[in-house]
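Quick setup: one chain, the form predicted on its own, written in structure tokens, and binding and motion questions come after.
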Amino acid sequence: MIERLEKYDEWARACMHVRCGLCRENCPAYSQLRLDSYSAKGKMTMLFYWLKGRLEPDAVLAERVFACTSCGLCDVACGYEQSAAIQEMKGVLFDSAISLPEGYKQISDRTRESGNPYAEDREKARTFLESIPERNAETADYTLFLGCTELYREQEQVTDVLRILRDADVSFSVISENICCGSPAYRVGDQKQAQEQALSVAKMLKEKEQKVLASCAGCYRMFSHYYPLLLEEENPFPVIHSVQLIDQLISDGSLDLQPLDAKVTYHDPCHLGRHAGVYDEPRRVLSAIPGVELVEMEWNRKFSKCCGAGGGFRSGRPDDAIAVAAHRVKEAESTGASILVTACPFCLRNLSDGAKSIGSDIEVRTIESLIADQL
């Protein structure tokens, strides 16, 4: 299986010999754990010696490699796609007989056993989905795909999205069955299970023959960037994120927004921003609310700091993930904003917990929540 890593030999060699370490201070794992082996540079150094046969993979190496949020900020600092190499390292370790960190492994186990990373009863999601009247729409412009975090942890997010779509008279349908898109399993190296999830989800979405509307940043990235790889199909189906649609609806006058006298700052989710290039739409949406003053954090757009929740990090190291989020909340507070806005239900959860952990008064919201309240 090590053959899968040989394509990164040049990158590992460059990192090993240049030793610049520019990726370290940007790395959420390193910033929290303060050991070089947790940084992208440290992981690439381990990869170098692994490829040379001078380092045998074991549980300690796996613990270091899996301590990665998959944020990709190391790629911005370096120029090499270090995050891709680290993701492949996760995959090789997952497929080997190496003992993996339990918190990460349970994401894969739960997805395989229950169909979602939270090990929740799928009937609970089915009951909720079947309560949405639009699920019976025979013809529609969009199929709304709701992610696991929205359905099992942040159902208010779903309510906000539905309210916006209905207010703007958007024609949409909903699939009655919840099947995880596969992103959580993929992020912890279980590419086989992620592919199984992708095959099942793609079959359902293709049958609808409609553009897919995703209100979860992780699902959006999975559909637009990883389904073509997992399904070996260039464009399985067209997909748009809910924030992109809201931007269009505001532009064409389909949404009439009430004023809001508030200073807000925006946190770019790694999935939606750095990995998918969606930067302008959320900022246009926030700026379109009368009375809102949008202020930027120092680390924004492609340089945005990670909230600490991705890549299985929250499941594997929950206390560290919340501590990383708390640092991001402090950066938001330094702007003078009273509201910290994001466009990802997972960022919403972690940033909220980070704010709570330090007793912050800043309000953490999603764009959909903010817009729904201003209709």
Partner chain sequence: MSAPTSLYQQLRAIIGPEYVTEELCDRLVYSKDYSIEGIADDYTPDFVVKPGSVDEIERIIALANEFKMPLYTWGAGTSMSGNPLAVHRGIVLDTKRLNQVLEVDPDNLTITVQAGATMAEVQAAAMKHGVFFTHQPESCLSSTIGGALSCMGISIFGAKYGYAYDQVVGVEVVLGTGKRVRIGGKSYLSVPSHNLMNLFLGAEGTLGIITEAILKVYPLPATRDRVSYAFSDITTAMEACKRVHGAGCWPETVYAFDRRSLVQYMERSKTPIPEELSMAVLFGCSGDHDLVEKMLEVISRSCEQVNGVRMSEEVTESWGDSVNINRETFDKSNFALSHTDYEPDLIDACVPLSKFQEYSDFCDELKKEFGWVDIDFGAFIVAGPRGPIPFCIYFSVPIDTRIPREIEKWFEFKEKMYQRAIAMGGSVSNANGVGLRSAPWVREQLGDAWELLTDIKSLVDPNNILNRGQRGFD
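This is a predicted model, so every value here is computed, not measured. Numbering follows the first chain given and starts at 1.
Absent from the display: the form predicted together with the partner chain. The rest refers to it.
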query: Non-hydrogen atom contact residue 303 with the partner chain in the predicted bound form at 4.5 angstroms; finding: yes
query: Contact label in the predicted bound form: residue 317 to the partner chain, heavy atom within 4.5 Å; finding: no
query: Contact test in the predicted bound form: residue 313 vs the partner chain, heavy atoms, 4.5 Å; finding: no
query: Any non-hydrogen atom of residue 299 within 4.5 angstroms of the partner chain in the predicted bound form; finding: yes
query: Candidate stretches 192-200, 229-237, 98-106, 77-85, one within 4.5 Å of the partner chain in the predicted bound form by heavy atom; finding: 77-85
query: Candidate site 122, 126 and 158: all three near the partner chain in the predicted bound form by heavy atom within 4.5 Å; finding: no
query: Sequence-ordered residues of 37-51 touching the partner chain in the predicted bound form, heavy atom within 4.5 Å; finding: 37, 41, 42, 45, 46, 49
